[in-house]
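A single chain comes next, written as structure tokens; it is the form predicted alone.
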Amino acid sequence: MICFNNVGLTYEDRNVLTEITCELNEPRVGIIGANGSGKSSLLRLINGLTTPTTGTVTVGGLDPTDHGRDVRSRVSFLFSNPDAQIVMPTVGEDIEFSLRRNKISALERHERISQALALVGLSDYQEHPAHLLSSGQKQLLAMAAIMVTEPDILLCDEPTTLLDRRNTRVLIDIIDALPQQIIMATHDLDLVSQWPRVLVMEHGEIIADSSGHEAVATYKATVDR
């Protein structure tokens, strides 16, 4: 269970989030809103990339500020730009890097890397230079490097921003099939329109919290007014 209790976030003299109180339990939760509405900041609070100015955030009863390593072992983050996550020279090495803290046998390590590559359709790219991948393939590699750690929760911050339509569909099909809880901030309203729960954010506040179809309609109405 992810709980926000009267959470506020301030950068210098600017309020980024104001009095956010909610629980996120559904297997799929979307977050939509204009640029600067607080979507990414809300996500970053969940795994401790950002610390709230006021209030508390807990994940499974743990505060990410005080128990960052424990929370991040359960919660992974997929950024919009995969270059922010790819750190090793080859595809296989980059995925293996994610397992550096896992005390597992060499055989299990090899099996998990193979499974992660198969998940995203990059089985033939293990020795391929990571920086020579296309933008779509880089995002798939970033996904594989996350999923090899077997997280419970996946946070996605506008993961399709740099992708063409084909690679967007590939990535979303992978996400749709995952058993993990997914919380996604996105500008692509079609991606979350059928999700059971979507939050609409405006000026650092949640202005609507409903089914995807209703939330998208609410957001479009705010844009048109």
Partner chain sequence: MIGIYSPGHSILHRTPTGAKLLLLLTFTSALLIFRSITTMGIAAVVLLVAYVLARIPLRLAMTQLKPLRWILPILFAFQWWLLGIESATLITSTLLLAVAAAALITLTTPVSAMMATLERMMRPGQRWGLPAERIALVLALTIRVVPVIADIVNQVRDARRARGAERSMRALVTPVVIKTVGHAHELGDALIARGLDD
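For clarity, every value in this text was computed on a predicted model and none was experimentally measured. Positions refer to the first chain, counted from 1.
The following text describes the form predicted in complex with its partner chain, which does not appear among the structures shown.
Interface membership of R69, defined by any non-hydrogen atom within 4.5 Å of its partner chain in the model of the complex, is confirmed. Within this chain, N81 lines the site of its partner chain in the model of the complex, having a heavy atom no more than 4.5 Å away. Its partner chain is not drawn, but in the model of the complex it has no heavy atom within 4.5 Å of Q137. The closest non-hydrogen atom of T160 lies beyond 4.5 Å of its partner chain in the model of the complex. In plain terms, the part of the chain that comes close to its partner chain in the model of the complex, with a heavy atom within 4.5 Å, is 44-52 out of 44-52, 23-31, 171-179, 186-194.
Of all the residues from 98-120, those having a non-hydrogen atom no more than 4.5 Å from its partner chain in the model of the complex are S98, R100, R101.
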